[in-house]
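Only one chain is included here, represented as structure tokens and corresponding to the form predicted alone.
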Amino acid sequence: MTELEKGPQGRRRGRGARERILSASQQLFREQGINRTGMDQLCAAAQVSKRTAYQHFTGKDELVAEYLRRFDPSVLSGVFDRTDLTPRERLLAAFDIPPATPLCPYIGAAVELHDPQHPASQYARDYKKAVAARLADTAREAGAAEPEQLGEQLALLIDGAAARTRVLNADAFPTAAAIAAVLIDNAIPASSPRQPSDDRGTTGSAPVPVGGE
């Protein structure tokens, strides 16, 4: 085996190389951004040669797309699949985001790429639509009169709070959650059945990360 078939630390390429490259991309893209991360740095972090990297990915664009595709395929399962919460509580739990959570990778990628035709931009659009759809489904469970509208409103609040938290370096999610509670209560007819635990909001629920975010 030649030196070109080994990584910078002499590690042999193999089935683990692709995962190491993706793992390095998840760390570096989130910490310093896509545009500031070059293939040389990625290869060094993954301990693979550039030749090996290009055997797994045709280029950085394909790597970015795969990085996003694999990021959160379950679409906030930590929120929407919880059986210990009522539908209303699950909607509010989507705002229970630790302030130190990095900016949503889908938002970050869309801002950096400036190309709506880029495969990663398509993944970002698909993911954001999926989040709104899950919110709408949960709103429908909660008895909302117009669940699709409420889902879009809550999705907008989540993304806005994520961006504002990052820009101001101050937690914007409590304010967003308070606005969300008003929207949810206004959207659910008074005749809809509500469980006593609905009045607790998110008190006592464990923080859950946004896909990404």
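For every residue, the number given is its place in the sequence shown, counted from 1. Keep in mind that this is a model prediction, so the values were computed, not measured.
Not pictured, yet referred to below: the form predicted in complex with a further copy of the same chain.
- Site annotation in the model of the complex: the residue of Ala142, Ala124, Leu92, Ile97 reaching within 4.5 Å of a further copy of the same chain with a heavy atom is Ala124.
- Only one of the listed residues (Gln55, Gln26, Gln41, Gln32) places a non-hydrogen atom within 4.5 angstroms of a further copy of the same chain in the model of the complex, and that residue is Gln32.
- In the model of the complex, a further copy of the same chain lies farther than 4.5 Å from every heavy atom of Glu66.
- At the 4.5 Å threshold, heavy atoms of Arg164 reach a further copy of the same chain in the model of the complex.
- At the 4.5 Å threshold, heavy atoms of Arg36 reach a further copy of the same chain in the model of the complex.
- Residue contact with a further copy of the same chain in the model of the complex: Ala172 places a heavy atom within 4.5 Å of it.
- Contact residues in stretch 155-180 (any heavy atom within 4.5 Å of a further copy of the same chain, taken in the model of the complex) are Ala155, Leu156, Leu157, Asp159, Gly160, Ala161, Ala163, Arg164, Arg166, Val167, Leu168, Asn169, Ala172, Thr175, Ala176, Ala178, Ile179.
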